[in-house]
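What follows is one chain in structure tokens, specifically the form predicted alone.
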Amino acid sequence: MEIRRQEAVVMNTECVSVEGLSVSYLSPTGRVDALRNVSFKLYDGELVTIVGPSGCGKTTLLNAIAGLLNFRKDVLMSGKIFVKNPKSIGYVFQRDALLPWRTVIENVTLGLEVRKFPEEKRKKVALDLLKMVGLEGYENKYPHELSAGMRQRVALARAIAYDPEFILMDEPLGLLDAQTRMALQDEILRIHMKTRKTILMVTHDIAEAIILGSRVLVMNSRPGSVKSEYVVKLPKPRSALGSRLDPEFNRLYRLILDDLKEDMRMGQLDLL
């Protein structure tokens, strides 16, 4: 498969490699091909974003990398997926998926409990993370007492609580209002700068993809594949507002938008 590259990118240690991945779903009414011959690599410490039309298989791609499709009888998969440490993956979903009967700190420590971390260690890690995401003092609140943006901050803290090497994000800001979304974009940038985690993030928002990503992967419509790759050379540190004012942002925005036009349908992409 040919992948168009806008510019060269400096490579570090490989964290994730996807080679010729194809995924199909089987049902009584027939077969749906979700992905076809997807190939790309991620390197340690990168934050790479993915954009593409609705239904092109972006979530399927994340689930395949996370290993969530491996044992499904209604899924056919071919190709290769390499993850440097498959037991060290965090996942942030579009909906925060917090457990409503657990407090904020109990939600954050969930993964640590599963891994049998001592209680004192769990509490210290959770409190440090809540401070980092701006939720110090909210540890004993319940999810229903928080705004949508605050709940997503808790979800981010939970995803990195057990120190995963690699984090998948499936449109984590998609349900938020514009102001909260920009605040969380800044939060993700700050967390990434501080932790240097490798992150692969799906978004429908072209601007968000450029502001957050060191590279933007563009997928075509179903069956999805990676048709283009853009290196983002916005100066750092970045911000959700300030980066939009940079000429490089506008240049990349136009290029990616033009690249997507053939697959665009009403409501499939956020263009602002």
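All residue numbers refer to positions in the sequence shown, first residue = 1. We call the rigid core the largest set of C-alpha positions that still match within 1.5 Å between the two forms. Everything numeric in this text was worked out from a predicted model, so none of it was measured.
The next section is about a form of this same protein that is not shown, the form predicted in complex with a small molecule.
- Not one of R153, R196 and S214 places a heavy atom within 4.5 Å of the small molecule in the predicted complex.
- Under a 4.5 angstroms non-hydrogen atom cutoff, the small molecule in the predicted complex has V32 among its neighbouring residues.
- Under a 4.5 angstroms non-hydrogen atom cutoff, the small molecule in the predicted complex has Y25 among its neighbouring residues.
- Heavy atoms of T59 reach within 4.5 Å of the small molecule in the predicted complex, making it an interface residue.
- Although the partner is absent here, H204 lies within 4.5 Å of the small molecule in the predicted complex, judged by heavy atoms.
- Only one of the listed residues (K87, K131, R72, R115) places a non-hydrogen atom within 4.5 angstroms of the small molecule in the predicted complex, and that residue is R72.
- Residue heavy atoms within 4.5 Å of the small molecule in the predicted complex occur in exactly one stretch of 59-67, 232-240, 40-48, 206-214, and that stretch is 59-67.
- A displacement of 2 angstroms or greater separates the C-alpha positions of R95 between the shown form and the other one, with the rigid core held in common.
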